[in-house]
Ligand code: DGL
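There is one chain below, alone, in structure tokens, taken in the form predicted on its own.
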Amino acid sequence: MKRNHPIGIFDSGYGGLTILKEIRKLLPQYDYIYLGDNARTPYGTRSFDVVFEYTLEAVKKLFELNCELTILACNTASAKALRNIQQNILPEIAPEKRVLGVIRPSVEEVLNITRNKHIGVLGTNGTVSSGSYLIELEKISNGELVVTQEACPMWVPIVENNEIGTMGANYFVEKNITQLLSSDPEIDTIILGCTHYPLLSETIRKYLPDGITLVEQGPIVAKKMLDYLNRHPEMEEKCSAEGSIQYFTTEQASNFEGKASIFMDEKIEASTIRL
């Protein structure tokens, strides 16, 4: 079988680049296509129906670009669109293709980390209001976990405007961490439920008491993807492996390139694409 299928990575904007970065670190041999729907970001404030519509358009575009395996590297898309796409769309339009998300891998990992079963989730308004982490944690723990969520609406703008490390960033990070831990002082594990947040991890850790584990999604998703490919050799054999990467955005490419370089720690070149 000829290997001619890159792995697709989709996000509503830039945050999924933190997932891509970790996947490439662990699996550098494969070819990747990153698609950011920057023209219509943020998804977090949009309805389930709109997020589903936008995400499906992006997934179909990645299918057109020959991706057999696509990762929704966006918590909002994973929360509001993944299940519908997996259960209702793929069987009809592309039963041989696979679309995976970032919430389930993170949730599974938490069970191996927490000591007292008190979990905190930091996310966007959309991810928190969707209740997806609550639902998934409930499923795998039979209700044994105590889960507390905190929406952090200012964190994404801080990252995208390169305000990391500023007084403003410190203020909002401390504020949200304090509110989360005030709601449940027993929390021992916190999930960063937005792919932008790893860029704030150093600031976040400044305001965390000792003994609290911060869970970043990138390394977890990368490890789960390696496991997935090992368990599904029929998919792994399709993935092209020349170590290449292409970046596409629905916005002006030059705008995307500047900010994306912050996430990837390297200069990148992108192309504008229409959905």
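This is a predicted model, so every value here is computed, not measured. When you see a residue number, it is the position in the sequence shown, counting from 1.
Quick note: we don't show the form predicted in complex with the named molecule, though the next part is all about it.
Trainee: How about residue 156: is it within 4.5 Å of the named molecule in the predicted bound form, going by heavy atoms?
Mentor: Yes - in the predicted bound form, heavy atoms of residue 156 and the named molecule come within 4.5 Å of each other.
Trainee: Is there a heavy atom of residue 80 lying 4.5 Å or less from a heavy atom of the named molecule in the predicted bound form?
Mentor: Because no heavy atom of residue 80 falls inside 4.5 Å of the named molecule in the predicted bound form, the answer is no.
Trainee: Does any part of residue 218 reach within 4.5 Å of the named molecule in the predicted bound form? Heavy atoms only, please.
Mentor: Output for residue 218 is no: heavy atoms all beyond 4.5 Å of the named molecule.
Trainee: Residue 194 versus the named molecule, in the predicted bound form: is there a non-hydrogen atom within 4.5 Å?
Mentor: Yes.
Trainee: Out of the stretches listed (174-182, 72-80, 86-94, 106-114), which one is close to the named molecule in the predicted bound form, meaning heavy atoms within 4.5 Å?
Mentor: Going by heavy atoms within 4.5 Å, the stretch is 72-80.
Trainee: Within 4.5 Å of the named molecule in the predicted bound form, counting any non-hydrogen atom, which residues from 97-134 show up?
Mentor: Contacts from 97-134: 124, 127.
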